[in-house]
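Take a look at this one chain, the form predicted alone, written out in structure tokens.
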């Protein structure tokens, strides 16, 4: 018995490695959602409905666009935009509303910090969950595109890791912004930013439709960079614009991670 207690004590006292701690938090989120699958898929359905209603309905009246020097059917043009939007939705749902509830009301992270978990483990674990949710949404969406004969290039396989990158960027920045929220009413600002970005980030029509000064603003938005990345991959025309998008989203996510870690240190450790 004494040997067992000594072994148990040694196990409990052993500090967790960063990857172990993040996996524990990721696994906790999986367990929470195992009985709430209907809530889980809500963020996936919205872009699918947009694709079916606008991509097919409006697509019947629109001839299509020229992209990377070749004509593209309207449905093939809109679908990648919906993929990027799906990755954004999947990430932000947990990074904002759910993260705020755990932080302000559930006091979940205060309890976690009583264990060997650190604030950086919490931030990385939550971002991993955001990545997983975005990846599941986009994989399902990609299968729908294949079923609708909207994919004609093997480059489209890379859309899944692209979605993980989009999920990381929006998840990290979404969590960072949420740490500054003081009430549920503040989330109207998130909605106020998300909806115009969804509608005007070249999701439904080419960015060339904008006047020059407005086009520059659109091209600086994170969703537009995600749309460019997904569109290049699904249409099989990878470009320098896609590479710029990768660098942009990596930097966007890194800044978000640094900010959210510092904010969690301030909110939970002081």
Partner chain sequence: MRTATPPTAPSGTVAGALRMWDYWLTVLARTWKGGVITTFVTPFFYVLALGVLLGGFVQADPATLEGADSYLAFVAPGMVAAHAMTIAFSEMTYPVYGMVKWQRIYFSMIASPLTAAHIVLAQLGFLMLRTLFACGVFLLVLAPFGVFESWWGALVAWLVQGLVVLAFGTPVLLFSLSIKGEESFALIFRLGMIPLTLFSGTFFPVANLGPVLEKVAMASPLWQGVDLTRMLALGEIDWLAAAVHVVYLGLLAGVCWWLAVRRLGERLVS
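Positions refer to the first chain, counted from 1. This is a predicted model, so every value here is computed, not measured. Rigid core: the largest C-alpha set superposing within 1.5 Å between the two forms.
In what follows, reference is made to the form predicted in complex with the partner chain, a form of this protein that is not presented.
- For the marked spot (68, 148 and 225), a heavy atom within 4.5 Å of the partner chain in the predicted bound form is absent from each of the three residues.
- Contact with the partner chain in the predicted bound form, judged as any non-hydrogen atom within 4.5 angstroms, is confined among 22-30, 226-234, 201-209, 241-249 to 201-209.
- Shown alone here, residue 188 lies within 4.5 Å of the partner chain in the predicted bound form, counting heavy atoms only.
- Not displayed here, the partner chain is kept clear of residue 220 by more than 4.5 Å at the level of heavy atoms in the predicted bound form.
- For residue 192, a non-hydrogen atom is located within 4.5 Å of the partner chain in the predicted bound form, even though that partner is not displayed.
- Proximity of residue 49 to the partner chain in the predicted bound form falls within the 4.5 Å heavy atom cutoff.
- Along 236-262, not one residue places a heavy atom within 4.5 Å of the partner chain in the predicted bound form.
- The Cα position of residue 240 differs by less than 2 Å between the shown form and the other one after fitting on the rigid core.
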